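Quick setup: one chain, the form predicted alone, written in C-alpha cells, and binding and motion questions come after.
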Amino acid sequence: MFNWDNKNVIKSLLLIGLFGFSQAGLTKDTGYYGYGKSATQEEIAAWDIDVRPDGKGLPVGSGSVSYGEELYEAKCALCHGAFGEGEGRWPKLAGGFDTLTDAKPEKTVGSYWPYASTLWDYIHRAMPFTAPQSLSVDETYALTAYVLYLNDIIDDEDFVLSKDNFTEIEMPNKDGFFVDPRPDVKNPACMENCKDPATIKVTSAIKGITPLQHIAKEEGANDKASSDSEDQQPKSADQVAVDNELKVGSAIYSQSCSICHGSGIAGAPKFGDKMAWAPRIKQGVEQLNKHAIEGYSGKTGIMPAKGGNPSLTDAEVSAAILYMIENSQ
C-alpha cells in the first residue's frame, strides 16, 4: 500500500515519462535540431532586397535626374568621374557606345548592361563604396536616373524615375544577351592519385589584371628562408605570433584595404607613404584600430567601419592595421 508521498512520486515519474516521450517525438521531425526558429516575414524582407528585370522587388519611391546629379557629385564622382568616365582604374559608367565588337570594348551601363534593374540593385546594395547600403530608396532612384541620363537613355533633366515608370526604361543592349542552352556540368572530384597542389605553378597571367606580386614575394621569401635556414636563430613565441598576425594582415589588406589605401582614394593614407602615416601612427595603434573598426570621418577623408566589409572580425582589421604600419614607417 502506497502512502501519499509514494503516490506523488508515481505521478511525477509518469509526467516525466510522458514529457520525455513527447520530446523524443519532436527530435524525429525532419530538419529539427533543437535550436533556431523560423524567420519572420520582416526578417526575410530585410534580406530580400534584390530587384528583377521585370521590376519585381522594387520598393515604392522616386527620384529626379536633377537630384541624382547632386548626389552623384557628392558621393560618386570621386571614383567614377564627373561625367561617368571613371577615375584611374575605377569603372566607367557612361560612354562606350558601339564598341562591343572592338578588340577592347568599353562595357558601361549604357553600352553593355541589358537591364536598368541591375543598376538600381547594385547602387542600392553596394554603393557608395565607402558606405554601402547607406542610400535611401529615393536617393537610389535619383542616382539611377542620373546615370541613365549620363548615357542618354533618359534625355529629360526634369525626368522623375519611380516604381511606376521603371519598367518603361529600355537599355540599348537589351537584345545583346541570350539564355545559354548548354547544360550545367560538374567536374568529378579527384579521390585518388590527385595532383599535389604544392606542385602547381602559375606560368602565365593576363597582364595588368591578374595580381602576381604576392606570389613573387612569397617565392622569394621561401627561397631566402631555405638558404638561410641553417644560420637563423629560433624565433621567440612573441615573434612567431607577430609574424602570423602580419601574414593575416597582408591577406586582409589585399582583400579589403588596398582598393583605397593602395591609391589614396577618399583621403586614405597610401600604403608605404611614411609622411601620410606618421601623424596617424603617433596617435597609437589602439586609436587606429578603433577608427578602423568603428569607422571615422576626418578633415581629409573618411574611413568606413571595417573598410566597408562587415564580415571582417576585429582581430582581422587590427592585423591589417599592423601590416600597413609595419610597411609605412
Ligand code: HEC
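Sequential numbering from 1, following the sequence displayed. By rigid core we mean the largest C-alpha set that fits within 1.5 Å across both forms. For clarity, every value in this text was computed on a predicted model and none was experimentally measured.
Absent from the display: the form predicted in complex with the named molecule. The rest refers to it.
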Among 189 to 197, 106 to 114, 155 to 163, 174 to 182, the stretch whose residues bring a heavy atom within 4.5 Å of the named molecule in the model of the complex is 106 to 114
According to a 4.5 angstroms non-hydrogen atom cut-off, is Gly36 in contact with the named molecule in the model of the complex?
no
Answer for Tyr122 alone: is it within 4.5 Å of the named molecule in the model of the complex, judged on heavy atom distances?
yes
Is there any non-hydrogen atom of Leu246 lying within 4.5 Å of the named molecule in the model of the complex?
no
Could you tell me if Thr300 has a non-hydrogen atom within 4.5 Å of the named molecule in the model of the complex?
yes
Across 294 to 329, the residues having a non-hydrogen atom within 4.5 Å of the named molecule in the model of the complex turn out to be Tyr296, Gly298, Lys299, Thr300, Gly301, Ile302, Met303, Pro304, Lys306, Gly307, Leu312, Val317, Ala320, Ile321, Met324
At a 2 Å cut-off on C-alpha positions, does Asp54 qualify as shifted between this form and the one not shown after fitting the rigid core?
no
With both forms fit on the core, is the shift of the CA atom of Gly249 between this form and the one not shown 2 Å or larger?
yes
Yes/no, Val65 Cα shift of 2 Å or more between this form and the one not shown with rigid core fixed
no
Direction of C-alpha distance change in the model of the complex, Glu294 to Trp120 (at least 3 Å)
farther
